[in-house]
Each structure stands twice: as C-alpha cells, then as structure tokens.
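Only one chain is shown below, in structure tokens, and it's the form predicted on its own.
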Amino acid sequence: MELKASMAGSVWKINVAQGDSVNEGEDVIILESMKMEIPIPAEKTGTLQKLNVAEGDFVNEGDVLAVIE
C-alpha cells in the first residue's frame, strides 16, 4: 500500500523508520503547508518497506511518500 501526499508541502517530521511496524491510523509522516501540520496516517497495519522522502523535502499532492506491506 502506498502512502501518498494529500497536498503539496514540506515533509516536517517522519515518525517511523524503514523496517518499523506501523498500526492502522498511526501518523507515519507529518507534512507542513501554509503553517499547518497535515498528518499522513497508515491506512493499514504492516511494515514500512520503503521511505521515499526525508525531512525537509518538498512534495506535491499525490506523490508516493512511503510503502507499507
């Protein structure tokens, strides 16, 4: 399952590392846009297989941020 950016912004914080287990609803990444924090939660329980961004990166809406298996 791919986690995608819900809007354009900067990656403010990454709460998990590659290989970590995540639970459904857990905030994996927090974006910052227009001084607002936008959490990107896991849509299912699994393991973070791939992280495509780093803190400070700019992303566009729809960009794949991470992959959870």
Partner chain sequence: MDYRDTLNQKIESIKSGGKEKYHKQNEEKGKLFVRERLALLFDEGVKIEDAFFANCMDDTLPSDGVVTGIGRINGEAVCVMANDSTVKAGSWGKRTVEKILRIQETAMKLEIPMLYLVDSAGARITDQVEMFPGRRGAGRIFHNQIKLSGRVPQVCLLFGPSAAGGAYIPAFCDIVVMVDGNASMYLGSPRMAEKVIGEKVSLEEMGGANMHCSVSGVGDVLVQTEQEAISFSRKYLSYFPTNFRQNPKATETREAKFIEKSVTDIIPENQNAPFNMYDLIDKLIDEDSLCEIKKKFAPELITALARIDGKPIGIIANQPKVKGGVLFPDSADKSAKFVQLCDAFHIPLLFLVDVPGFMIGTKVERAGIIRHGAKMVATMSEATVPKISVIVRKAYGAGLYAMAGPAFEPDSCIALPTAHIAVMGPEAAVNAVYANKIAELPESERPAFIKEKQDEYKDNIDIYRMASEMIVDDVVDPENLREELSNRFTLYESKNVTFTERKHGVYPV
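Residue numbers count along the first chain shown, from 1. No experiment lies behind these values; they were computed from the predicted model shown.
The form predicted together with its partner chain exists for this protein as well; it is not shown, and the discussion that follows is about that form.
For the three residues 33, 36 and 39, a heavy atom within 4.5 Å of its partner chain turns up in the predicted complex in every case.
By the criterion of a heavy atom within 4.5 Å, residue 55 is excluded from the residues contacting its partner chain in the predicted complex. None of the heavy atoms of residue 24 is located within 4.5 Å of its partner chain in the predicted complex.
Its partner chain is not drawn, but in the predicted complex it has no heavy atom within 4.5 Å of residue 64. The partner is not shown here, but in the predicted complex the stretch 6-23 reaches within 4.5 angstroms of its partner chain through a heavy atom at 6, 7, 8.
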